[in-house]
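Only one chain comes next, encoded as structure tokens, the form predicted alone.
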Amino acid sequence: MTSDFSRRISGVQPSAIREIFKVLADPGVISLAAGSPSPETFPAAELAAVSSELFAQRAGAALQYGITEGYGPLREQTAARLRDKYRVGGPDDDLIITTGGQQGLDLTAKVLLNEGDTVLCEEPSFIGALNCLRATGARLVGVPADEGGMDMEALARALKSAVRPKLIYTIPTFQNPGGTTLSAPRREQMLALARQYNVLVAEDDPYFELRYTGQPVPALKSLDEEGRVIYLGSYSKTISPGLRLGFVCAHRDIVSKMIVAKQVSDVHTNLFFQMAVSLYLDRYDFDAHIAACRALYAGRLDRMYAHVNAWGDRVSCLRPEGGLFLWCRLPRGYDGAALCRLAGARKVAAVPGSAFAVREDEISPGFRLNFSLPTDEQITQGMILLTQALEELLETTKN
């Protein structure tokens, strides 16, 4: 039997990162590839306590259908935290709870993009977002970035020449995979360009609370006075990814359309987990929990970066101020995928830079490493093996 697949999905390739998870089923593989938080940070005991209370006292409500917008108390807690702590969200904004941050991206694409519209994004960028945007039939235009984030002069040129520009997609804080943070002046410039060309901005911000050094930079949404920024957030990196809880804060007109799109997708996000997280936020110190996450990950970043630093000028790598990743680049002419294959033969997994390329056929000298999931021992052993793979690649290419 043959199937005639829709145009919007037939050309979309599987996520390289999701495919790597299949390899990680081998217990002998050391993963420096996943984008996952450490299970050591999951508040399992606290979630067990609030879950037990829900089952004992509120099972009828927790196991029933819910409203598409999300569980009321959790929406209020999330909106209040964004507003009071980070100045995100204004009187014309609303908030919807989503099934992970990825659904926030999907809803944004569904309600805004038509086939042929242009989306501008950092080059390289998050594979999950790229695939989500590709599935709409949108044109993707990559904009180069440096240590200060997306290049605003390049963005201006891209907007000027774009066909039907509709959306700027950005991960401005601890970008995935690059680790860069968009500077405050460039954030102002981005909003000015969005205003000039009448486009919206999707601000994907799942890592911003995982800052280890440096000073916080205001969210784009906190600078937004026109309802032009769609703020995408998640509890995946700070509580647990398996709960699949994200959120979108945007102008009420945009959120109202997202509610309709979500109704025909999954009706509502898992209500039990929404109620459990709401109780958790009410009963426990979320800021203290995040501080503990930061302390753990900062130490692991130090450990991994020490190995990368020992590579010297053979590999360039920005040391990020936060987030979960190191983005490394081989010298010009080398292929990051080749290094990842050699590492895989040694049972170490890393993600080749081509997985994050806007052009899917691009050969990239980059590769991404994750320091949050592996233990200290796995980081040490994995980086030793990755160094061996690097030396083999450089020696083979030299000969």
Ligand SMILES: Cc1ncc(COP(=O)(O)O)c(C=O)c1O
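Predicted model only: the values in this text are computed from it and were never measured. Quick note: we count residues from 1 along the sequence shown, nothing fancier.
Beyond what is shown, the protein has a form predicted in complex with the named molecule; the following relates to that form.
Student: Could you work out which of A145, L82, L105, L326 is the residue within 4.5 angstroms of the named molecule in the predicted complex, going by heavy atoms?
Tutor: When the named molecule is considered in the predicted complex, the option within 4.5 Å is L105.
Student: Between T136, Q189, S222, S236, only one gets a heavy atom within 4.5 angstroms of the named molecule in the predicted complex; which residue is that?
Tutor: The residue from T136, Q189, S222, S236 that makes the contact is S236.
Student: Which is the contacting stretch out of 280-288, 198-206, 295-303, 70-78, given heavy atoms within 4.5 Å of the named molecule in the predicted complex?
Tutor: Going by heavy atoms within 4.5 Å, the stretch is 198-206.
Student: Verify the contact flag for P124: yes if a non-hydrogen atom of it lies within 4.5 Å of a non-hydrogen atom of the named molecule in the predicted complex, no if not.
Tutor: Contact with the named molecule, no.
Student: Would T181 show up as a contact with the named molecule in the predicted complex if we use heavy atoms at 4.5 Å?
Tutor: Looking in the predicted complex, residue contacts with the named molecule do not include T181, since no heavy atom lies within 4.5 Å.
Student: Consider G227 of the chain shown here, and say whether it contacts the named molecule in the predicted complex, taking contact as heavy atoms within 4.5 Å.
Tutor: Result no; G227 lies far from the named molecule in the predicted complex.
Student: Quick one: does T269 come within 4.5 Å of the named molecule in the predicted complex, counting heavy atoms only?
Tutor: Result no; T269 lies far from the named molecule in the predicted complex.
Student: Heavy atom within 4.5 Å of the named molecule in the predicted complex: which residues of 272-296 qualify?
Tutor: Nothing in the stretch sits within 4.5 Å of the partner.
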